[in-house]
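What follows is a single chain, given as structure tokens, in the form predicted alone.
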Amino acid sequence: MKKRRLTREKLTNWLWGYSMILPLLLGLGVFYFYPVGKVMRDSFYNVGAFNKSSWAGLANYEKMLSDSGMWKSLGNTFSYVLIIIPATVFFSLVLAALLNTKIRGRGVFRVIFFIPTVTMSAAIAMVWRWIFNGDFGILNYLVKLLGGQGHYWLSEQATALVCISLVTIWMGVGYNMIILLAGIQGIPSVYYEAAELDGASKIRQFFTITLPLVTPTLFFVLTTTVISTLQIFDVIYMMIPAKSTAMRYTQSVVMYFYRNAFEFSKKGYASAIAVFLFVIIMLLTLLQMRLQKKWVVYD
């Protein structure tokens, strides 16, 4: 009798538990799992206008191998990775360390640096597009005021990608700074007290205590920044016109996916691009998970 009552209790708990997470599971199924499955399925079809499809097999993936636009976009994406990730992680860590000290007005500085994170990326991109404008932008005004020569920053090959990277860095530093600040504040103060008794300077304390013990948080920031940078899209879309000559030198893989899907009506080929990017992100994330054992300190 006792065993039967326990079974009913487990069944009741099971039903209540799954009923609580059912809305979340339905949301994930409709908005995440189904679209992922649909994209994977469409990558093996020729899907054109009005979703008319025909079996293509591996033709979309074969086309990708010989598509110079695709490989140029992939090269641009890794250029963003090489510029954005080191700069974002470095400035986020430096700001987090500085704002963890007892400086005057640090609460105000935290809010100022965090504002870009809670501002719509479209609004930020439009403001920076005006700043970089070659005809009446404020940047060219300042350059000419100092005796320099203005540029069409978002049209020239040498500067367009760098400008996109700078805006992305500016947008991402605040969020990562808050995450790293929380990680730094989680380090026990006894370590710093012992270091001060031994006569260690603040810089030495940072490199021997703060930096090693914040590596778990730093690993999280690095992983999420890599993923978000590989998916860069909105800033490019808002700042670079589709017909601009700079589009070839700035468009990312996600931007190339978007153009194929919604401008050229090649949804099957765009789906293959999305699957390819998914595989790249997954492999890089797995690589980071393997390498973190060599530099992340869990204490």
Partner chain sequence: MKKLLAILMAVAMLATMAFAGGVTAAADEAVEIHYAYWASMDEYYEQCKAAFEASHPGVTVVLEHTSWGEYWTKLEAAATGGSVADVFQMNGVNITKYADGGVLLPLDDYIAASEVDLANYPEAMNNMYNYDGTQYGIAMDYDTTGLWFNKALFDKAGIAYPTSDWTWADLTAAAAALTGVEEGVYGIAAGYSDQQGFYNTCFAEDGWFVDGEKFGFNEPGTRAGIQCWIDLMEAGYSPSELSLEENEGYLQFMAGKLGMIFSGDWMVKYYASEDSSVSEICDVVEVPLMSTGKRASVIHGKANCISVATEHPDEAWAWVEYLSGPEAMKLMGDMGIAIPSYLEFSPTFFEAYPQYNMGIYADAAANYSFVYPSSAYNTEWADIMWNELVRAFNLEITVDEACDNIMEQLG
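Positions refer to the first chain, counted from 1. What you see is a predicted model; the values in this text were computed from it and never measured. In this text, rigid core is short for the largest set of C-alphas that superpose within 1.5 Å between two forms.
What follows is about the form predicted together with its partner chain, which we do not show.
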In the predicted bound form, which of the listed residues (L154, L222, I84, L74) lies with a heavy atom within 4.5 Å of its partner chain? L154
Under a 4.5 angstroms heavy atom criterion, identify the one residue in W130, F90, F78, F206 near its partner chain in the predicted bound form. W130
Report yes if any heavy atom of L65 sits within 4.5 Å of a heavy atom of its partner chain in the predicted bound form; otherwise report no. no
Contact flag, A49 vs its partner chain in the predicted bound form, heavy atom cut 4.5 Å: yes
Give a yes/no on whether F262 approaches its partner chain to within 4.5 Å in the predicted bound form, heavy atoms considered. yes
Contact test in the predicted bound form: D198 vs its partner chain, heavy atoms, 4.5 Å: no
Once the two forms are fit on the core, has M20 moved its CA by at least 2 Å between this form and the one not shown? yes
On a rigid core superposition, would G150 pass a 2 Å threshold for CA movement between this form and the one not shown? yes
